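Taking the form predicted on its own, here's one chain by itself in structure tokens.
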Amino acid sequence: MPQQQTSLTESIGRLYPHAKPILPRLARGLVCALGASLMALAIPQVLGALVNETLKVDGDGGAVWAAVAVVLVLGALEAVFIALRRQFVIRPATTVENQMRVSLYRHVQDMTVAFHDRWGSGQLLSRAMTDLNLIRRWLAFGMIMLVVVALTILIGITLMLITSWRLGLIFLVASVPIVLYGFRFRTHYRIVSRLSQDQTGDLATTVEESVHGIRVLKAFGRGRQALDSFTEQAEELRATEIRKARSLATVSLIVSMIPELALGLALVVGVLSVADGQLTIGALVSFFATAAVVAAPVESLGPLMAMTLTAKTAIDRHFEVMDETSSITEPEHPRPVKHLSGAVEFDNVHFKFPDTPAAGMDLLNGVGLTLKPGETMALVGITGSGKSTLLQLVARLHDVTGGSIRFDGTDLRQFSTSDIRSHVAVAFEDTTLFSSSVRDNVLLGAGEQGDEALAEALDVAQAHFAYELPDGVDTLIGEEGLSLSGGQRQRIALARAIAAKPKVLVLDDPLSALDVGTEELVTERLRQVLEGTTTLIVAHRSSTVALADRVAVLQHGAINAVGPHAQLLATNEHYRYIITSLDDEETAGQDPDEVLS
């Protein structure tokens, strides 16, 4: 996950395309917030005039009531401006947050499998939720208030200088150490803020992995070790948060203490100036009332700076994901898919993963294989030979790094990925189900097809158990389907691939979790429904080979031999070794009496 250093203005500038549509409303919110501050600053001036008027020998007592009325009006206007600011900025800021979140989700969906292998799910989750929430809060409050606070302080000090240049100069001198420390604070807080947000993402990944793997942790009795590891990460995050809090407390101390000291010094100088006749009592009252109004913005300067730096980090983290580019590109002029016969050809296909050293050997090193329309081809090979990877290339989950895969003679890269994936269905060995109903999971890729396709797919996959669940096929199966057994999940995944009615079906050992009897029933029904569908199936069990018209042997990254099962047994030594290994694995866990029979 790259971390490119950017300035504050560069990071905030990247928000412009997203914030551009709401800038008019943000500007109105800014004007309202500034109006509220101006109303607050006007009240001390009224008080100063009131004091000078009532202290005159022939002062008018009625001026008090006039001043009270003016102060009430100013206070009411301040409240109205604050309410208007919130009305102007909250809705558009949430709109930007939502649009950025949807854009991030769409981008993550478009990224390759290799991208998801690199990025932890917790990191993506924290960027999609926490970071965008921080950006929204900064747009709606932090950005506007930081500008208003700066202008309020500037205008307030100007009024103080106009009232008494001597007293105002004291505050100007006091601002120098605040500004100098501000630069140091910005550098340190930016680093610790980034560390905190990254650690939060890592912690979220740990929680997600532990929840998904809770059965494994319990089965192996590793709960205590997992807790210790989590506690260590949580303590690291806690220490970082303490560093953040300490840094913020220090800057808050400085921006609060120095103005208070300046105020004390100004009080001494002010009283002496009044005694010398150089300053009126009303001016002194106005000066300190203005200083009281300015004190709140000065004290909020530290938290607003921290909020801005945190938002900068959130922006950087968001665009780190958005700047990732997919190696799978869409053709400029995609070729329309009108009708596919199902012919698939692997022409000198090469593939290596992006993190493989340049000099490293390709995982797939010149695969050549042709599948006829409607043919069922079994793919066998030793563990790690690249069988599953080859299957993923068919659905273009990865792109070949050499050679080509052709559908009906056309390189699949000339089609749009959406068209390809609408004609290719996949069932992986590592079953993934969604937190939804059985119906939704099975019909995920079935388009407009309804109950008829659902019933047929469940029947072929021998997933009749779905009708016996508490709510039948509308039963929610829980996160990743973990409320079901391994065999049940695998049958639902197989039904999902069948329900899509694809022209090309890719199966990665879809029967591995099934018992022998169920496998025989599924195999028999698959023979019927696969007629007319080109099928490439990875076989990890010798019984799965029985599904195939032909068998392809993958060895050293290339196809070693292709032919019927009986022919390969008679002519290919490597194939005999693989089949023998599969038979050993298949019988290893069975009852000895059953094997002998």
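The numbering used is simple: start at 1 and walk along the sequence shown. Computed from a predicted model, the values in this text were never measured in an experiment.
Only in words, not in the display: the form predicted together with a small molecule, which the text now covers.
Site annotation in the model of the complex: the residue of I382, M129, I242, V268 reaching within 4.5 Å of the small molecule with a heavy atom is I382. Among the residues D355, E260, E235, D228, the one placing a heavy atom within 4.5 Å of the small molecule in the model of the complex is D355. By the criterion of a heavy atom within 4.5 Å, G386 is counted among the residues contacting the small molecule in the model of the complex. Although the partner is absent from this view, L482 stays clear of the small molecule in the model of the complex, with no non-hydrogen atom inside 4.5 angstroms. Residue contact with the small molecule in the model of the complex: L248 places no heavy atom within 4.5 Å of it. A residue is said to contact a partner when one of its heavy atoms sits within 4.5 Å of a partner heavy atom; D471 fails this definition for the small molecule in the model of the complex, lying far away. Look at 365-373, 388-396, 147-155, 415-423: in the model of the complex, residues with non-hydrogen atoms within 4.5 angstroms of the small molecule sit in 388-396.
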